[in-house]
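The chain that follows stands alone, in the form predicted on its own, written as structure tokens.
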Amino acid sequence: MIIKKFRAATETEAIMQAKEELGKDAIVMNIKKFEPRGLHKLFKKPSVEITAAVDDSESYDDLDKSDRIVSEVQKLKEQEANAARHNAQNAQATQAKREANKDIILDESIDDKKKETEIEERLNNLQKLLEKQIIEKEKEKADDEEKSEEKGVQENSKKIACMQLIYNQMIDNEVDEKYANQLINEVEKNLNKDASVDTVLSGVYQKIVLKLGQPDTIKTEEGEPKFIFFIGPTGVGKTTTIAKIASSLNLKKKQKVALITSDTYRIAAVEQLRTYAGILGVPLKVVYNADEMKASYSEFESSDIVLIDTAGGSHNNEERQTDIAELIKAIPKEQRKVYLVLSTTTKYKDLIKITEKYSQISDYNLIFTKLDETSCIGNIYNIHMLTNAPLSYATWGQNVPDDIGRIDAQRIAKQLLGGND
């Protein structure tokens, strides 16, 4: 793992520096803005500092000599403690769980990042728990071991205790045992026997972030797909998600948006999208088959982006699945993109079957909804690892155009390691 800081006038320039030096696979781990204060405003300009990382399969002990994530978290916690204290004291236990899930997303409509105090505190508590457990195990063994062997036993005990507690935290957050063991094994191979607690924790954190990658969201640049299909089971929130994205593109980014719906099985779905189209002042077309979808390709040629709602239903409904596949194929491959919308409240076993069925229709990116209705987010990691499909958006409510944002791998990692308590 190589971790370096890059500083430039803008975030884009800093990221370009990171990509040039570390390569295209570099992942941005942290972004920090510097604003000159007082008289310095007259002589200095604002700047942005990013921390970037790339996995080169080297020992995670190198983090002891560089900017380790956990150390950065502890520094940030001290700076943000005053601002977050009142909110943390007033939060109730159940609400705290749900609010923590909201913190794994970056809302595109907000310039400043949401405070991460609650998750940071849980991450810090995990480290303290690790240290406490290690000390207790070392005390138990101290009287029984010869002095010549004591150091090696203590170091091995430390490593085992760290890994076991981290594993338990991931299982508590409903990460599949297979993927939890995979993470632990990959990190353990690169750890020295005397690895410190925060080095172990940082190693797992970094590995989760790198595996999740950066979100792949809708882009409106020239050459990007302009016909965006939303597929998924009934009741996961496809229509509301489309309305949120359409609002953001139309009102905030000033894009020419058009809407299409093929969900003619539910009259309410058509009327719901028609209402949103009327509010936004964008065109809406109802299509019933692949031929009508082909006709829309030329009809909306002047639009910047076309968002397409499809019919939900059981993933075992072969006829419905075939209809959706034909609609998607009606648009040239280079001009289309598909998003599979899933609810975080769906059981993991069902999610496995759903993703397998829809993979027979098309490649897709992943959108997760209803984060406000669950306290565990392990399925986001599970399904990403199972399908290898890029993550994109997450939603947590019915408010349009709010309650949607890009999935942030860093915050998912903190939530998975921070636990639910």
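What you see is a predicted model, and the numbers here were worked out from it, not measured in a lab. Start at 1 and count along the sequence shown; that's the residue number.
Below, we turn to the form predicted together with a small molecule, even though it does not appear here.
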is_contact(residue 254, the small molecule) in the predicted bound form, heavy atom dist at most 4.5 Å: no
Indicate whether residue 266 is a 4.5 Å heavy atom neighbour of the small molecule in the predicted bound form. yes
Indicate whether the small molecule has at least one heavy atom within 4.5 Å of a heavy atom of residue 236 in the predicted bound form. yes
Could you confirm whether residue 370 comes within 4.5 Å of the small molecule in the predicted bound form, counting heavy atoms only? yes
Could you tell me which of 287-295, 240-248, 172-180, 331-339 sits within 4.5 Å of the small molecule in the predicted bound form, going by non-hydrogen atoms? 240-248
Give me the residue from 381, 364, 396, 393 that has a heavy atom within 4.5 Å of the small molecule in the predicted bound form. 396
Heavy atom within 4.5 Å of the small molecule in the predicted bound form - the one residue of 321, 217, 196, 272 that qualifies: 272
